[in-house]
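Only one chain is included here, represented as structure tokens and corresponding to the form predicted alone.
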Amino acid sequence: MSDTGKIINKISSYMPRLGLSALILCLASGIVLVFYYRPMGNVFQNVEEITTLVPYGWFFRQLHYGSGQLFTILMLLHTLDHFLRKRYRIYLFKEWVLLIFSLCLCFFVLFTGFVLKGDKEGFFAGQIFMNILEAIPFIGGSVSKLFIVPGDSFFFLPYLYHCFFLPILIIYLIRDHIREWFPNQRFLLIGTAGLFLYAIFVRPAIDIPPEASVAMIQGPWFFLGVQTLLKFLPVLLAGLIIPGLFVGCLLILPVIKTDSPTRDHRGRIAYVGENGLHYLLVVALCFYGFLTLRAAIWGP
């Protein structure tokens, strides 16, 4: 193996260990914050009180934010590494599904955390999500009420998902990865030192009061591409069908996997289909990355 290959393999092995270090800090800081957060009433004021009045509240809030973002980003890179190397060929279908589903749940945790800020951006993101779910034919209203409801309880269900249901479910789904990639003291020390420095020197962004009048509202960074698509496409298509098709295509890759083209006609079709789908997904990822970058710079 070349030196470059060895370096890439080392980086690939470091990512899940650093990611799990970030997850540990995210859970620990979240336990501190959950004692002060109130999902009812004036949520924005509550978050501001945590940031400014609770001793070291700004530190725990920023540590929680930074560690959650880092864990999800590293898990995304870990999954991309498997995808680009076509490691789904050596995975059981169940293992690959759990990996993709866990990654989707991680992004949903970040999304609910964005909503729970209680500011104008969080409230706006929650409303968009509710409108997307309500666009589902026949069952949209019932489905949306499973995740978010208007009125005084707007933040309550996202709070339950963010603080209780999703963390437990994610840990359960990645339990085999935790056993395999559990960080040793060195990775825990590096992750803790880096995230502590981040929390100390990078103060939380200024939240926009819900009653403020602003020209443009942006969602979380990973939602910017969808937010852009919503300007040009119907809600159901941009918010559910396109993301669902993308995830569905990712999930079926192990089903049509082939190591090499065979003389059999069916084998050649499977080989061409798998490779065609793989590179189509690469193009889709690049396009979504472009939409996200464009929206981050010029607005959705």
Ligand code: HEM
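The structure displayed is predicted, hence computed values, not measured ones. In this text, residue numbers run from 1 along the sequence as written.
This protein has a second form, the form predicted together with this ligand, left out of what is shown; the following refers to that one.
A heavy atom within 4.5 Å of this ligand in the predicted bound form is found for exactly one of 88, 129, 155, 71: 71. With the partner omitted here, the residue from 271, 59, 37, 44 that has a non-hydrogen atom within 4.5 angstroms of this ligand in the predicted bound form is 37.
Under a 4.5 angstroms non-hydrogen atom cutoff, this ligand in the predicted bound form lacks residue 83 among its neighbouring residues. Contact annotation for residue 78: none of its heavy atoms lies within 4.5 Å of this ligand in the predicted bound form. Interface residue remark: residue 113 is counted as part of the site for this ligand in the predicted bound form, having a heavy atom within 4.5 Å. Though the partner is left out of this view, residue 31 does reach within 4.5 Å of this ligand in the predicted bound form, counting heavy atoms only. In plain terms, the part of the chain that comes close to this ligand in the predicted bound form, with a heavy atom within 4.5 Å, is 160 to 168 out of 174 to 182, 146 to 154, 160 to 168, 211 to 219.
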